[in-house]
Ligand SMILES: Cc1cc2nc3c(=O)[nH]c(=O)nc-3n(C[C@H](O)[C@H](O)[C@H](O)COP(=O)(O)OP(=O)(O)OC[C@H]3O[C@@H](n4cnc5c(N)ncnc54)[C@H](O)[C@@H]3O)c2cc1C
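Single chain ahead, written as structure tokens, the form predicted on its own.
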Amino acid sequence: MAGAVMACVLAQHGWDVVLLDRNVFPKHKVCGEFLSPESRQMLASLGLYSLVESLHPIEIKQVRLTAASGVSLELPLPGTALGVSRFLLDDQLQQAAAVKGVKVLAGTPVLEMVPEQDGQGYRLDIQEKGERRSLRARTVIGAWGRNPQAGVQAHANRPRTEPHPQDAWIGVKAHFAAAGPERENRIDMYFFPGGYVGVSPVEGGRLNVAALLSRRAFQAAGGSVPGAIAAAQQWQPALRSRLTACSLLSETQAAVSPVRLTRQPAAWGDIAHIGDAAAVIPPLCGDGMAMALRTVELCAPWVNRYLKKTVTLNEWRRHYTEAVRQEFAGPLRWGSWVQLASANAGAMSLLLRLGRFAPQLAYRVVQATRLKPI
């Protein structure tokens, strides 16, 4: 998402842009498929909100949290959010980039990236239609997602680090077709031993069911997407009730591993990072896509100035890195605390009971995990 949006923005500034993606779209992706109110505002400021509206998203105004004990808490969102599938959204963003003049190379992995000897740009070796060829670019921006090893590093022989056991989480998702009109247009979060499930309505009368599980819980559930969702329903009668008479659409299944929850912001490596490559908030906070869009808002002006030669590379790097640190430090810290609490059934139940007693306090905690308007 961040890569396609950045490509659109830079093309609007008049630059020649190539968007490289090893995947081919449309494609189902593990995601809560929840565009927060903050995301809506940023898409509007970036000139892309009409694209989202054309996908007939579902308006969402509330979130309900349910602990393994059955205790629940319902809170209003800080504005109207949207439920829209990444299957449609990512594909439409790439198409929008192409319309703006971006050269989109889907299904084209980057094999190697090497700085030019004069320090003025990079050579990228790519695999296009089975053949290796080279591109040269004045600058490159990394939007390869939450796992660092998925990105191409400037030095091909750089060792890849294995995830720490505490990062061994697995994300799964599938769409369910509702038996009738969906009347509960809200986000539901269900917590259970070993993980949690989010249910969000999306376009076409579907429910997106996305779960984050420990590796142990996933394996105990048979190591499959349907098994993981079925196991969650055994722990959570409320989830089982929500999905009653709904049917799983097998072609929408997706899984991703490992899902890292503890990585610190990394706005810059060998090149600038945007999206999940720059910062990752725990999925239960529901602000991942907003953070991806915010990195574009923060980075794009500096890319433009650098290409115009009004700032140096070091100035771009310093200002952008500091902006990411200032913007994301608070939400990431609060998001990590909420994630830790969610892993403890007793603590989560207690927090939800406190939230019912003092809803304003609970709302402030939710607000603390979210980005502030620019």
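Just so we're clear, the structure is a prediction, and the values are computed from it rather than from any experiment. Numbers for residues come from their place in the sequence shown, where the first is 1.
Unshown form predicted in complex with this ligand; subsequent notes refer to it.
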| item | value |
| --- | --- |
| Contacting member of 42, 67, 324, 31, with respect to this ligand in the model of the complex [4.5 Å, heavy atom] | 31 |
| Stretch from 300 to 308, 241 to 249, 227 to 235, 267 to 275 whose residues place a heavy atom within 4.5 Å of this ligand in the model of the complex | 267 to 275 |
| 4.5 angstroms heavy atom contact with this ligand in the model of the complex for residue 20 | yes |
| In the model of the complex, residue 287 touching this ligand (heavy atom, 4.5 Å) | yes |
| Contact flag, residue 25 vs this ligand in the model of the complex, heavy atom cut 4.5 Å | yes |
| This ligand contact in the model of the complex: residue 8, any heavy atom under 4.5 Å | no |
| Stretch 85 to 117 - residues with a heavy atom within 4.5 Å of this ligand in the model of the complex | 86, 108, 109, 110 |
